[in-house]
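A single chain comes next, written as structure tokens; it is the form predicted alone.
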């Protein structure tokens, strides 16, 4: 696990790391525009001040955010549209479907949707602000790329990827500042789409986004079992064959996601890979069942209530090797 940060690093939000890297690109390329739905961040203040003609605050109007972003992209611009994740993906879903997913079959559209607040990032704000559907609904859309980073270092590497690939994309960012998992960006192969953080035996954990932090902590108590851990950060497209080359070494796979299970999320992605290769590897799933989270409390408390905390991961792994 040499690629994983061994010492506590600087806490930072994914959005600030990404925007800071994007700022440098905007200084070099006048074709990059940044749109926001009345949603700020410390790093965004610098963008707004330096690039007044290429920063647009559309107000609390996520549907119009997509319309304006599409218009700029049709003119050949690279566009970043920034809003709170549940409102960006669900309030504007029809516009995303028609303007971006559908129309991008006819013309290259480089629109990058930055959704902040994935999963239970806004834990105490309740189910209206939780975002546990986005993996499923955004992976459903043809022509979309869906990226789900586990730390801010990975998030900043996505800038080059978003400029290079002229397709609509959804970037699923956690809302809270956190320490980095990766020592550097050298170990992150964005095109590959996943990283094997720890090789192991018999059991393989596959996590995405914030849940990779949970899985790494669980590994510390599972040294006697020595499970594998894969950080899955590209949820669409997926390099099925390369991923299966890793998965086929294990008897049981456990997916861990801060989203609904059995409904098109990470677990469905892995199930499709296994089915494609006619594999009989057992698949277990950790995530939210078919209900919203109305209980009050911080993220750790809500995860524990829903069988997604470190203890639940440890118990699930131990149950697989009895």
Partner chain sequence: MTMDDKKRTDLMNYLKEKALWVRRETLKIHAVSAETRVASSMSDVEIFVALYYGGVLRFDAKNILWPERDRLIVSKGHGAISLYPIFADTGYFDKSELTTVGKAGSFLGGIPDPIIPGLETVNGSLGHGLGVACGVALALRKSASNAKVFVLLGDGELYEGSVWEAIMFAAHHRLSNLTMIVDNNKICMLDYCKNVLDLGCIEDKFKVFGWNVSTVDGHNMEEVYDSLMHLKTANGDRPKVLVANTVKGKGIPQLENDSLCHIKSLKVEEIDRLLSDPLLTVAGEVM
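Residue numbers count along the first chain shown, from 1. Predicted model, so just to flag it, every value in this text is computed and none were measured.
Below: the form predicted in complex with the partner chain, not depicted.
Residues 56, 63 and 74 are all found to lie within 4.5 Å of the partner chain in the predicted bound form, as judged by heavy atom distances. Contact check for residue 103: a heavy atom falls within 4.5 Å of the partner chain in the predicted bound form. The closest non-hydrogen atom of residue 255 lies beyond 4.5 Å of the partner chain in the predicted bound form. Among heavy atoms of residue 41, none comes within 4.5 Å of the partner chain in the predicted bound form. Put simply, residue 68 is close to the partner chain in the predicted bound form: some heavy atom of it is within 4.5 Å. Contact with the partner chain, judged by heavy atoms within 4.5 Å in the predicted bound form, is confined among 95 to 103, 129 to 137, 211 to 219, 162 to 170 to 95 to 103. Contact annotation: of the candidates 45, 30, 290, 295, the single residue with a non-hydrogen atom within 4.5 angstroms of the partner chain in the predicted bound form is 30. A heavy atom within 4.5 Å of the partner chain in the predicted bound form is found for exactly one of 223, 107, 192, 248: 107. Of the residues in 248 to 281, none comes within 4.5 Å of the partner chain in the predicted bound form through any heavy atom.
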